[in-house]
Each structure stands twice: as C-alpha cells, then as structure tokens.
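Before any questions on binding or motion, here is one chain by itself as structure tokens, the form predicted on its own.
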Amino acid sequence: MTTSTSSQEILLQIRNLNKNFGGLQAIDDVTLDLPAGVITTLVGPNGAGKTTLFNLITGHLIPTSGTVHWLGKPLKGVQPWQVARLGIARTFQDLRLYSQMTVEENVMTVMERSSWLWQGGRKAAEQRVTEILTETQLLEKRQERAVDLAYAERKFLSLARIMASEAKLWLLDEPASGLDPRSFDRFVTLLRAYAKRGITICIIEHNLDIVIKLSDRVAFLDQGKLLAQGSSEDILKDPHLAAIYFGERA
C-alpha cells in the first residue's frame, strides 16, 4: 500500500473514510494522503470533523467504513496505545501533561525502554532529553514541575514529548494557540526543522498565520467532507471556502 509520489513516501493513507454517530455523518468519504516530510494543515469551521479524523487515525474511534493504512498496513482494530507504538504521536488541546512531574520526567515518560535511545543506557536517553529541551528552550526548566511553567512553556513541553517519542507522524491539535509572537516564530522554526528530517506532520489549526507560514499543503474539511486540497494560497483565496471558514455560507 505504501507508494511514492514526487520521491515522497506516503506514510499514511486514508481511503473513503466514513464515521457515523447515529444519524450524524461526522466524516463523509474522506480520502487523504500524508507524505513523509510534508506539513499538512486541516482547516475548516468548528464541527467540520477535524478532531474526529484524528480520533479515527489513532484508534480512539472505529470507522463506520473506509480504511486507514500506516506504512502499508491497515490500522483497523489497532488500539490507541498500539498505534502510538507504531510511530504515530498526538497532542491534544488540553495538553495532558503530568502536572506534578518535572519537565525532564514528562519527557522521559514517553521514551520506550526498548528503543535505540535506551540501548546505550540511561545516559544516552538523558542526552537525548537534553537535546530536546535545548531545542525547545526548556533546558533551564528541566527540574521544574509542569504545573509551574508558563503557558507557552507548557505548549513546548507538549511538543518536546512528541519529539522524544521517535514517532514518524505527528498529529498536533491547535499546537500554536495562545502563543506570543516570539514563541510562535520558535514553534514554526522547530516544526520546519523536523519536517526537513522526514517527520510527517498534520496539524489542526484555526490560526491563519500558522496556515500560511507553516503549511506545505492544506486540506479543507466541512461537515465531514474533504472539499479541497492544495497550497494555503490556493485554499484561502477561494471565495467559496473563505465564506464557509468565516461562517458566511449561503
């Protein structure tokens, strides 16, 4: 099932995906590819189905019909913890940090003891943590509890945990919401750097600055349907899509 287009390996393939909640069609025949090293942003009005799509990918919801393939293998019936171990990591809007643990402990908890990071012993794993905290500018906060961090620092700690997971696909739910301009620029730079390393990133985002500055491609969802895919410029200049996004549909 894994293919290459324009020399980019397709890591995740979604085909004709549907999800019904009783009489509500939350996801309606969505087909989408997430290629390696590409940043895709899911946009659309509230209730468009963006978070539901994440839940279907990660096994938190079971599709009514359609398929999700990861590295060529179907994810049907795979439990969320198993999906995470396969290399798909996710953040949530509520961050879900261990508030009473230190920054360092929060990052260490997502590292698999069987991974290459631990093959060199605890020292090698701690070195990787140091690298991650340096990249996220949290090194000086490593012994502080998560609950004591500023809001932007908690956001970067959530991202640091994703970085430490060794995941090949990052699913980020509004990761830049509430960031100050300086933190926002650091966030964009960091994600761009990891995309260049081959990490596939998919973001749910309402911040148009993120959509414009970060996205390689945009997928526009509305009422569970994938209406369009393309560059942020092409999507945002479409008057029909803009009307839907800003709540001005006929």
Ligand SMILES: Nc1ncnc2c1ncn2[C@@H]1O[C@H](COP(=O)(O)OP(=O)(O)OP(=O)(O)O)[C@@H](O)[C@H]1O
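Please read these numbers as outputs of a predicted model, since none were measured by experiment. The first residue of the shown sequence is 1; numbering continues from there.
Same protein, other form: the form predicted in complex with the named molecule, not shown, and the subject of what follows.
Between 46 to 54, 32 to 40, 193 to 201, 63 to 71, the stretch whose residues reach within 4.5 angstroms of the named molecule in the predicted bound form through a non-hydrogen atom is 46 to 54. Residue in contact with the named molecule in the predicted bound form (any heavy atom within 4.5 Å), chosen from Gln79, Thr102, Gln93, Thr134: Gln93. In the predicted bound form, Glu153 stays away from the named molecule, with no heavy atom inside 4.5 Å. The named molecule is not drawn, but in the predicted bound form it has no heavy atom within 4.5 Å of Lys225. Contact check for Val211: no non-hydrogen atom falls within 4.5 Å of the named molecule in the predicted bound form. In the predicted bound form, no heavy atom of Val188 sits within 4.5 Å of the named molecule. Applying a 4.5 Å heavy atom cutoff to the named molecule in the predicted bound form picks out no residue from 175 to 202.
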